[in-house]
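Next up: just one chain, as structure tokens, the form predicted alone.
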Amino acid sequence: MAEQDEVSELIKRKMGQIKKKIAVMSGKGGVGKSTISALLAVHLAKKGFMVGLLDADFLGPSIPKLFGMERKKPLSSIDGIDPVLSTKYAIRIMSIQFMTPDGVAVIWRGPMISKVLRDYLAHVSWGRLDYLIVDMPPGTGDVPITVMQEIDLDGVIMVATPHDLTASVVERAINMARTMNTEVLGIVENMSYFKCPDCGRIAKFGRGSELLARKYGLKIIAKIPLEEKLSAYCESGLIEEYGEDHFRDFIP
């Protein structure tokens, strides 16, 4: 118990240096949470804010891939572990992928994941940040619970696609956040539409996100298109070079 109290105190001290903590979740896999987390971090960094990005998806980390940093390694410092800096905007990034060999699966049960997450929160030296973005794993289990219990989050952004099936799962995540007394800042609709060179914007995937936003009184923060350009930048690890800013003037 004393050890847990000590870790909680360290987490409180580390998080106290960060002005705003925002989690990105959906309750469902495959909707592009990591891409949205990375785009949001780049959006804020472009505006001159000091930004950190925590990849809290221990079983399927992908943030380093998006930034072309798979082979980077964090360094130890007098205050813990220093995050790895992204190339263009010096976003401070931490991921379990930095510490595991390529292709090796992280085979951990929930309690182990929660313990490692708490250690990350307690020992990563984020320094003074304007924003810390937390990329959540799918579901409403151990990691989201631990994050909401240990971090005084300023809010959660939900990621959805227009499909009705996705909306029904995201709805559970919204209710989880509200049960944990965490504000839902809004919904980002990923794969919202695609751009036809001849006929313009086409949205034929459903209206699930819009109906969900209306039901819970939430705003649609951004609509991210399904496009080859974004996919190519993600696959190449060049997400900082992607020129479009779908968040526009959004400041959480």
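None of these values were measured; they are calculated from a predicted model. From 1 onward, residues are counted along the sequence shown.
Omitted from view is the form predicted together with a small molecule, to which the following refers.
The contact with the small molecule in the model of the complex, taken as any heavy atom within 4.5 Å, belongs to Glu235 out of Glu241, Glu9, Glu235, Glu244. Though the small molecule is absent from this view, in the model of the complex it lies within 4.5 Å of a heavy atom of just one residue from Pro225, Gly52, Gly68, Gly208, which is Pro225. Checking 209-217, 28-36, 41-49, 180-188 against the small molecule in the model of the complex, the stretch whose residues place heavy atoms within 4.5 Å of it is 28-36. By the criterion of a heavy atom within 4.5 Å, Leu230 is counted among the residues contacting the small molecule in the model of the complex.
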